[in-house]
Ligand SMILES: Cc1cc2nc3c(=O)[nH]c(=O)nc-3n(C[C@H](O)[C@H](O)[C@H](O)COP(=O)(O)OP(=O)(O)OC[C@H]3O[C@@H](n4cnc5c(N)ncnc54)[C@H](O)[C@@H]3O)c2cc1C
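Presented below, as structure tokens, is a lone chain in the form predicted alone.
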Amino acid sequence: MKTLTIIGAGISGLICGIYAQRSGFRTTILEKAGNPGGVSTSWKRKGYTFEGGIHWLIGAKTGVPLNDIWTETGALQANNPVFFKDPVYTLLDSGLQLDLRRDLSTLKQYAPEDRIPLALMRFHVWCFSFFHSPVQDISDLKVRHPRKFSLTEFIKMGPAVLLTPWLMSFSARTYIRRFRNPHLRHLLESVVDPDINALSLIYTLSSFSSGDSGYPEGGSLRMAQNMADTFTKLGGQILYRTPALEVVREGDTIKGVHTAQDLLESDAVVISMDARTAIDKLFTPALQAPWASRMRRKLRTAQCMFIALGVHADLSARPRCMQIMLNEPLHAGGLSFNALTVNNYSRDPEYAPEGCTAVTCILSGPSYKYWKQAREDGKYAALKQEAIADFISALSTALPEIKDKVEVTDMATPLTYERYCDTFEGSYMSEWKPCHFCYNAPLRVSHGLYFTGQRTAFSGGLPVAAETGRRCAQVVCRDFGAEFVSR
């Protein structure tokens, strides 16, 4: 039995570990934090749970290939049934309320003047309703339960494949600007960061429209814990609060991983932490392969701030996810925001005490340098409190029922993600702007050394974590002549 060490118990590392353990490897996962999930996580504060990871799960619908990964790895079980919210987003603007429903034809009632561009958008979304990332087996691999990408699947995906280069060539904001109705534009801007490419917008709308993309009850923590439990029941071991210090090699031969305690000897190592951090932090000397040098020069990071409130008020009369237009911009992290996308967890009884509500908001944008300078100047804590206070003030104007009812506050900046998850510049994925090529790490660096996760494939999110985790396990199996066992 070959030994495998995986660095990082995030979603991709857990998936790789589960498949490797099933396939006959003796697998150990090293995790810096005290719980699984990595960036896909949530946390508790004074009786409130703040969901910091999953807002929708692509592959939640049975019958799509990605769902097979979630079920094979135990991510989706009886203890976390998926809820498919509808409407998906609701725009609130000075008393006006517009719903973005899974049936996109309902949008024409709000913007009859945009009948033609709405019809075109629905056509683009329909094309992508047949699109899915092919979950298939790599070549020259022994597989117990083989998967094949059929000709029928390929034909159905043809229109989406043809549209992809065009949609990648300009931003979601540019796509949205073809609509004349300003409220419709604001509503669509709530779906994805409008500065990334238009493909992300259409693909996300398609996942909603096709009946996919639901929210598993219990959120990130329960889903990650389900996977961790699946892994340990198979005989795998997770060492929490055990950060990897260095990957040890003799020439091209892997010897193992140094932790603070000892050398964990291994036949192979999979790095599931942020690859951009790992190439400098885990190797002596730092990795200097051409791909690593390109990543250092070219990588652009997607960053965010996360604000959470525990409110002593029942907000169940409010929509689950609101795009709230502001009368005055909110300033935070050196950035300005004219709208807030707010998640309301009042209908999730596990997230707050009775009669109370957990509220969260993500503020996307490049704020890492701002917060890093604030820390160096000794102003970090004060500026966080100022941003929280300004956020509460702005939100109270739109939701007056929360005024003077906030009893718990929390805020994560890119420095928070950097500290807890070792993510480069505190980012949660690589930025994917129009015409921008993502400089990724290879799944296989050499025999015995592998990468998986967000920096190994374009785009980001849980689909990339799932697909690269499975594929990395297959590459390891092929290198060591093992049969890949999926279930």
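Sequential numbering from 1, following the sequence displayed. Please read these numbers as outputs of a predicted model, since none were measured by experiment.
Omitted here: the form predicted together with this ligand. The next part is about that form.
Think of it this way: in the predicted bound form, this ligand has a heavy atom of just one of 60, 69, 441, 30 within 4.5 Å, and the residue is 30. Here is the short version: of 65, 448, 461, 434, the single residue with a heavy atom within 4.5 Å of this ligand in the predicted bound form is 461. Although the partner is absent here, residue 273 is a contact residue: one of its heavy atoms lies within 4.5 angstroms of this ligand in the predicted bound form. At least one heavy atom of residue 428 is located within 4.5 Å of this ligand in the predicted bound form.
Within 4.5 Å of some heavy atom of this ligand in the predicted bound form lies at least one heavy atom of residue 423. Put simply, residue 48 is far from this ligand in the predicted bound form: not one heavy atom of it is within 4.5 Å. Heavy atoms closer than or equal to 4.5 Å to this ligand in the predicted bound form belong, across 1-17, to the residues 7, 8, 9, 10, 11, 12, 13, ordered by sequence position.
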